[in-house]
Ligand SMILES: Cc1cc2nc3c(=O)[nH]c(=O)nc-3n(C[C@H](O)[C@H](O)[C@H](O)COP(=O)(O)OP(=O)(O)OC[C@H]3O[C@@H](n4cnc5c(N)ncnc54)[C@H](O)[C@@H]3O)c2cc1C
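This document starts with one chain, in the form predicted on its own, laid out as structure tokens.
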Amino acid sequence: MERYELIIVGAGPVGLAAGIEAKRAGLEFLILEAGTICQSLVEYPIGMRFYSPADELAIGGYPFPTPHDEKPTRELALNYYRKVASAECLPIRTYERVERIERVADGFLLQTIRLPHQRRGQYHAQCVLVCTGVWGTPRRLSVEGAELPHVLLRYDEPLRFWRKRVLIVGSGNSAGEAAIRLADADAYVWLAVEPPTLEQCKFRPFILREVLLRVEEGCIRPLTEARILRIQPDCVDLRCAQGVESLPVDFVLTLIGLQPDRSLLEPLGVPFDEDGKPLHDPETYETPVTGLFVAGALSRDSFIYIARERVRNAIAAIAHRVRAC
């Protein structure tokens, strides 16, 4: 069985940033990733733009170049993080999913499944840092019909919706961006939001500006104060500021947020707050389970530029713990 001072679970941007800090701190560490590096970004819609400027996506002191001060895209980000991981020679094992973390007397035992051959792996670590984020577990609507096959929790390519009737549900940036891109792909788009106006949604200014432009052009049809009542194979019943509607739809795209996967942390007895995030020390990012740390979206640091700075605190605490043993 391989032994390490630290195992990092997840090789997304925050996991990579943690790996860089661990390497600079001189820790013996390994990064385990269920997919490829930055798997969550791989699953983003093709051509998706980030809501943050390029410098806020950079990690490890490596500049993030973008042409003509444009918003970074999924493709630019994937290329950037791949190059950073290669430049740092980070010890990453991709397609190795951590199935279980067990507490043992001198640290943790991690059980893994290695794809594609389903071989089992086992590792020992003095400390574990979980950077799995929340991308893998989108929230579903709690209404009749939410499980129907035309109700999608994410999408990959706007062209798939060409000339189709699509109801997008959500009041955040992802829903606004999807409405823009599907409208530009000649889909017939309704955008159902909870607030009384689009201006009260959680859209970044440039997203709001583009949504409003397409509303004015008649490409996006907003439904405010919307509440979905029932989803049927060929229509959606909802109540909104405009009254009760029964919309004929081909697809329903529900972008109503993400939630953390508790499967690794709950068996260890990690308590969770009301927002579904694990409780942890705000300075060291250690959970109430000694030696078990969280970072990134799991620690409520939803933005990379915040998480990349604060993950240093977690690595510093881990290095101190390891050297004190």
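The first residue of the shown sequence is 1; numbering continues from there. If you're wondering where the values come from, they're calculated on a predicted model, not measured in any experiment.
The same protein also has a form predicted in complex with this ligand, omitted here; what follows describes it.
S.K.: So in the model of the complex, are 28, 85 and 91 all sitting within 4.5 Å of this ligand, heavy atoms only?
M.R.: No, none of the three is in contact.
S.K.: If we take heavy atoms and a 4.5 Å cut-off, which stretch out of 97-105, 213-221, 232-240, 115-123 is in contact with this ligand in the model of the complex?
M.R.: Contact-bearing stretch, as computed: 97-105.
S.K.: Can you tell me whether residue 265 touches this ligand? I mean in the model of the complex, with a 4.5 angstroms heavy atom cut-off.
M.R.: Contact with this ligand, no.
S.K.: Just checking whether residue 40 would be counted as a contact of this ligand in the model of the complex - the rule being heavy atoms within 4.5 angstroms.
M.R.: Residue-level check for residue 40: yes, a contact with this ligand.
S.K.: Although this ligand is absent from this view, report whether residue 64 comes within 4.5 Å of it in the model of the complex, heavy atoms only.
M.R.: It does not: once this ligand is placed as it appears in the model of the complex, residue 64 has no heavy atom within 4.5 Å of it.
S.K.: Applying a 4.5 Å heavy atom distance criterion, does residue 32 contact this ligand in the model of the complex?
M.R.: Within the cut-off, so yes.
S.K.: Can you name the residues of 1-40 that have a heavy atom within 4.5 Å of this ligand in the model of the complex?
M.R.: Residues within 4.5 Å: 9, 10, 11, 12, 13, 14, 15, 32, 33, 34, 35, 36, 38, 39, 40.
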